[in-house]
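Single chain ahead, written as structure tokens, the form predicted alone.
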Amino acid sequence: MPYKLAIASGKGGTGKTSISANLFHQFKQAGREVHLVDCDVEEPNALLFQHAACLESEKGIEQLIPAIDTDRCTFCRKCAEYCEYNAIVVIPPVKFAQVNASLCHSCGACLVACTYGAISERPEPIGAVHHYKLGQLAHLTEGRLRIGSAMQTLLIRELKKAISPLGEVILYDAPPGTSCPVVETIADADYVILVTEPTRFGVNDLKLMVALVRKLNLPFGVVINKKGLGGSEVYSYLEKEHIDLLAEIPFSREFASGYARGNFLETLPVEVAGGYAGLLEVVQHKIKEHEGDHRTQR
């Protein structure tokens, strides 16, 4: 089984995707089979960091939305009572029954509730999964949420089901924040890299992310990106909480300038910002430990 490494952050703009792309690039250079999965389905951009990506497959993802037949419906409201997401509105006096697709989570509770056969399901597209090949040993899979859909978590779940267990290492590039899509992304990870920046906003959101991964009982460490900006509060916090500092990546005006101009490929060489070589060494050590544990269990 491949080693699953999630790269996450409590806020956007910390450099999470840059770090994911650079780790992916380094694994490719080292000749290891690696699979990058962009789980930031609202705004996937890992592909922008890749050279000569070849689209191999595209799969539309749908969710099943209940449809109520008002000719068979008795307007008893059981379906609305069963719905945990308040997606169903039933008004008996005017014989009105409707499902709000943007609130529906396709859990099927309403089908169980209705004993009159008045509810069926219809498919509705929520996005797509694209799979790319980047050379012999490198793969990239991304999810793209349909504009207007609120089903990020469902699409991420289907995205992870759609990927075959390719490679020695799977890198999950998580959405920013600590909400349900992030939980869905990192829940099965073997290790989580939390990316932060040494600012007060960065430290505040790091604390939220640390609370989440501890709640999920996931092993993790922290990468400080843009070292040199902000203060020392983040270091005090890591020391107080006994959290591993995996690497520090200095702020680079050249790196930031290339990124701001949209020249994402310029941000790939590890020499641009430094610090990545040490991070790769730490990650490879974690993978070896993981492989050793699996051999012991066998």
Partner chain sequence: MKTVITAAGNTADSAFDRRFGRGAWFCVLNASNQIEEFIENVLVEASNGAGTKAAEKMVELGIGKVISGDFGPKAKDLLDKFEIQMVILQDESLTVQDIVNRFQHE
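Positions refer to the first chain, counted from 1. Because the structure is predicted, anything quoted here is derived from the model rather than measured.
Keep in mind the form predicted together with its partner chain is missing from the figure; the text below concerns it.
Contact annotation for N100: at least one heavy atom lies within 4.5 Å of its partner chain in the predicted bound form. Within 4.5 Å of some heavy atom of its partner chain in the predicted bound form lies at least one heavy atom of N86.
Interface membership of K78, defined by any non-hydrogen atom within 4.5 Å of its partner chain in the predicted bound form, is ruled out. K207 falls outside the set of residues with a heavy atom inside 4.5 Å of its partner chain in the predicted bound form. Here the chain stands by itself, but in the predicted bound form one stretch of 88-96, 153-161, 199-207, 111-119, 88-96, has heavy atoms within 4.5 Å of its partner chain.
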